[in-house]
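Next comes just one chain, in structure tokens: the form predicted on its own.
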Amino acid sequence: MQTAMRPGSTRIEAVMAAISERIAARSLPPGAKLPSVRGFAKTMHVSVSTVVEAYERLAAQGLVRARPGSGFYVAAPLAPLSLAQIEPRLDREMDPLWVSRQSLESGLAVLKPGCGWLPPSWMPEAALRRAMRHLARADTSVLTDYGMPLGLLALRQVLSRRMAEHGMGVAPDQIMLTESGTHALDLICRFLLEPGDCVLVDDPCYFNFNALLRAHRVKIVGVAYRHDGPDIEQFSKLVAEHRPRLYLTNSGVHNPTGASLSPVNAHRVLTLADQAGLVIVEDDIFADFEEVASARLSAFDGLNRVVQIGSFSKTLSASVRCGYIAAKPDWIDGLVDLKIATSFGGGRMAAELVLAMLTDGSYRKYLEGLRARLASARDEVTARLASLGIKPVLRPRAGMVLWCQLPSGVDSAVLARHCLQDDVVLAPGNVFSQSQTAGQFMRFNVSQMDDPRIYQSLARGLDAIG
């Protein structure tokens, strides 16, 4: 595949960058032979002399070593993994990791309509403080000892009952607590994937899915996501062509589109998965935002080839890191061993806090108020964005996100750069898209959009682009 030249670079620098990125991504490890001069010249659409000069410069820098009569070989010691340099390289200013870091590292003065969490004032602070007071009176072992590998039994029992409300018969010993939803997904990737395996994701999908999968050295293939789930015709073709090991998706409130999986689509996905031996990982992190639960692949499948993961970061506290994996028993046993090997015990104090907040009687009432508040915010934000020519692709039934189409000719990454100058962090469409076909779309978080400066910044940016 030809590597696009960066603005202002020469052909020699483009060849050097392509090889350097492969070394940084470890697709060319120490001792590996570089592509032949003639072959890489053809790949890069440059002359043989250009590749020779590029290789010679890399040798001068100590990255590669020439072996007379044999070719060029990687000489540098293995560098620390750099996800930002794994191909395909995106513009660093707008790649998924940059969006996450900008949102997480910025101060209170920065506005974050592109982030994926609720503002502090929307979270159940009173319940959290009650839980912390309760925890302060707990036995010393709760405050000092490692937790059980499976995680706090009482919390797993609560989760089992909550899943039963959605038609899932899941025993507590089929549930393992994790440090977060991301930790849960990382463990599953370690458990089921090998470098080079293919993973199917929605296009668009939550951008950290792409970032995490890149870290696991897998091939990522996107399937178009519609208002009722993945495009089934395309899903079928991609499964047949690529034989993916996993399909990673949201079934409830889909991130970033806000769509909900239909029962018909769910059955078709499961039929195709069963025929192909495909494992499905269902991220259900937004489940509690729904008043009426939409279709769940895990409920239809009974955790046969579907693994469900979730956490409480979005509704309880992002600071209290606690998630879970629900899977068939023999997989849970293997995942427990892997959890011990990578993190030893569980986060016992976090699990105790979550248990207290889920069982003190206030959580259901809090959720009712949160759902109503989000519904009102969706209506208000939709109207304010419409005045700027920005329109949601669909009207979500629940949740905090709006997946919007920008006015004709407006690139969301360009608009995001304009708004950054006003300390407004946006989430442009292509950070969610494996195919890079969402340049005219933007994800907005309605709970983070009550500040008029956001709309003023958007208006200025649209005027400047127009």
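Just so we're on the same page, rigid core means the largest C-alpha set that superposes within 1.5 Å between forms. This one's a predicted model, so the numbers in the text were calculated from it and none came from an experiment. Residue numbers run from 1 along the displayed sequence.
The form predicted together with a further copy of the same chain exists for this protein as well; it is not shown, and the discussion that follows is about that form.
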| property | result |
| --- | --- |
| Partner-contacting position among Asp360, Asp145, Glu291, Asp173 - heavy atom within 4.5 Å of a further copy of the same chain in the predicted bound form | Asp145 |
| The unique member of Arg268, Arg226, Arg245, Arg384 whose heavy atoms fall within 4.5 Å of a further copy of the same chain in the predicted bound form | Arg245 |
| a further copy of the same chain in the predicted bound form: contacting segment from 388-396, 295-303, 135-143, 247-255, heavy atom within 4.5 Å | 135-143 |
| Residues Ser180, Arg217 and Gly277 all lining a further copy of the same chain in the predicted bound form, heavy atom within 4.5 Å | yes |
| Proximity of Pro113 to a further copy of the same chain in the predicted bound form, heavy atoms at 4.5 Å | no |
| Contact label in the predicted bound form: Leu338 to a further copy of the same chain, heavy atom within 4.5 Å | yes |
| Ser343: touches a further copy of the same chain in the predicted bound form, heavy atom cutoff 4.5 angstroms | yes |
| Non-hydrogen atom contact Lys42 with a further copy of the same chain in the predicted bound form at 4.5 angstroms | no |
| Sequence-ordered residues of 182-213 touching a further copy of the same chain in the predicted bound form, heavy atom within 4.5 Å | Thr182, His183, Asp186, Arg190, Phe191, Leu192, Leu193, Glu194, Pro195, Asp197, Tyr206, Asn208, Ala211, Leu212 |
| Met449 C-alpha relocation of at least 2 Å between the shown form and the other one, rigid core basis | no |
| C-alpha of Leu458 moved at least 2 Å between the shown form and the other one on rigid core | no |
| Cα separation of Gly31 and Arg190 in the predicted bound form versus here, shift of 3 Å or more | closer |
